[in-house]
Ligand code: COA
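One chain follows as structure tokens, the form predicted alone.
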Amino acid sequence: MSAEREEDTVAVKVENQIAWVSFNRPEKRNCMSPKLNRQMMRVLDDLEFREDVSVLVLTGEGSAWSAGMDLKEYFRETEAQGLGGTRQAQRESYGWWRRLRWYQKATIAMVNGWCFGGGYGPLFACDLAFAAEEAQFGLSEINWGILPGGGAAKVVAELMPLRKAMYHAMMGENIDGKTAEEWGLVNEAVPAEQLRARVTDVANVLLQKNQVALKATKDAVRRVKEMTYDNAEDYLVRAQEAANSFDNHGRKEGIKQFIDDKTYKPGLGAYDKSKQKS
């Protein structure tokens, strides 16, 4: 069997301003390896400021989204290199997850199948998440004698009610996409055959938004979650001022179309960006 090429571990296809990025190790249920983690950072670098990309969708080839970390390549082989090898592997994986959390473009996790352990890192990093009802989510770490690290425990504590998070982490039982929606891991679960169409619809709505405002909104929601109300209020005032300064024409055009032209209503959709000055 030929050695896996690093560049083949991630597949990318850009269509109509949407970048479809796929974990591409289907024979391994898309487990994340050091090779895949390095390639993901390259892919994110390439796509972040491309003018033909406005939304990034992260999914998996085959029957899985990602079954977490490759136990052989990520743990056993890196641990054999000592502490330095372990730390390097951690930097490579956590690095692109962190990059994805603060990405320039809107991001959507499209969970088409198995999502386990380390897969919760990039799941949380994406702004929105949609799953197949048949998808399986699990923190199996407790079953083989470790805690759900790599941020996984933080993800469930952040997204789920405490009792659900405790049960999920302590019992090691899988939940399906419907339950993942009920417990807060994903926005919505739909039948597998409808998943891509639903994600495409959501992506197309995001494409209509002012991209500067969308990036500022993504950052604001993540930042203020850990702030006091007064600190959040102050942060949001400054963030709004910065966004207006960077894209004043967009803001003015939206107000003009609402107040002067009366051509759109903010509660019913986005303003027409095609009329905005560059």
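The first residue of the sequence shown is number 1, and the count goes up from there. None of the values given here were measured: they were computed from a predicted structure.
Keep in mind the form predicted in complex with the ligand is missing from the figure; the text below concerns it.
Novice: Can you pick the stretch from 232-240, 40-48, 61-69, 216-224 whose heavy atoms fall within 4.5 Å of the ligand in the predicted bound form?
Specialist: Of the options, only 61-69 has residues within 4.5 Å of the partner.
Novice: Wondering, does E27 line up within 4.5 Å of the ligand in the predicted bound form on heavy atoms?
Specialist: Yes, E27 lies within 4.5 Å of the ligand in the predicted bound form.
Novice: Can you work out whether E141 and the ligand are in contact in the predicted bound form, taking contact to mean some heavy atom pair no more than 4.5 Å apart?
Specialist: Yes, E141 sits close enough to the ligand in the predicted bound form that at least one of its heavy atoms falls within 4.5 Å.
Novice: Under a 4.5 Å heavy atom criterion, is P122 part of the interface with the ligand in the predicted bound form?
Specialist: No, P122 sits far enough from the ligand in the predicted bound form that none of its heavy atoms falls within 4.5 Å.
Novice: Taking heavy atoms and a 4.5 Å cut-off, does W96 contact the ligand in the predicted bound form?
Specialist: It does not: once the ligand is placed as it appears in the predicted bound form, W96 has no heavy atom within 4.5 Å of it.
Novice: Suppose contact means any heavy atom within 4.5 Å; which members of 99-117 contact the ligand in the predicted bound form?
Specialist: Sequence-ordered list: W114, F116, G117.
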